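Encoded as structure tokens, the following chain is the form predicted alone, with no partner shown.
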């Protein structure tokens, strides 16, 4: 299917690795121009070289998104590079393990800020450009917002807020023709996920136990499977879809995990 993404400028936070990189690659292969925001210069430049070696277009913006000014600069850089923004993918974040018993209010606030503030700020600063293109926003959330996990209160709060903001923005931006949706991954094999698995005494056994709990094919979701859904939601082929939460998780959240 031709997704009509040719020359669309897509701003992607955390776009140099994992799910973000898969979204950048998938959008580039549809003819779009991903503008990859990432704090890891080596990873961003290496990934951009890989895409360009395939004859694909991309840009990189090296920022950490710690402050609203960082987010403003990211939006301004995207506009400076291509004169428009057609879509925003809010993706950057980390499950940082700030829990209730073993955390504290200060660390909780830091976690929420690190995982949520830039979602709002990037949407705010790209909005003038998105109004001109009648663009779209996709927020990457997490199953943790719905299932809980334990010992990750800050991340869970941020991802719960991500779902709330998705609906809130979808309502607010209806008159502007801007669509807003969320994709909810569960267990996805990314570099950060590999690092987490490696912390267990028996990493392979832990991974196998997780895979057994995923109803469809008893395997983890790939970043590319997340990316395919995200790019569809960004595209004009999804022109009447807004305010939706799409689970790309092999049935993890909604189906019987004992099967």
Ligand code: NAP
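Numbering follows the first chain given and starts at 1. Predicted, not measured: the structure shown is a model, and the values here were computed from it.
FYI, the form predicted together with the ligand isn't displayed, but the following is about it.
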Run the contact test on 135, 177 and 234 with a 4.5 Å heavy atom cut-off to the ligand in the predicted complex and return yes or no. no
Examine residue 11 and determine whether its closest non-hydrogen atom to the ligand in the predicted complex is within 4.5 angstroms. no
Residue 229 near the ligand in the predicted complex, any heavy atom under 4.5 Å? no
Taking any heavy atom pair closer than or equal to 4.5 Å as contact, tell me whether residue 219 reaches the ligand in the predicted complex. no
Residue 156, heavy atom within 4.5 angstroms of the ligand in the predicted complex: no
Check each of 165, 116, 140, 123 and return the one that places a heavy atom within 4.5 angstroms of the ligand in the predicted complex. 140
Contacting member of 173, 161, 186, 98, with respect to the ligand in the predicted complex [4.5 Å, heavy atom]: 186
Looking at 84 to 92, 123 to 131, 165 to 173, 103 to 111, which stretch has residues with any non-hydrogen atom within 4.5 Å of the ligand in the predicted complex? 84 to 92
Quick one: name the residues from 1 to 17 with any non-hydrogen atom within 4.5 angstroms of the ligand in the predicted complex. 14, 16, 17
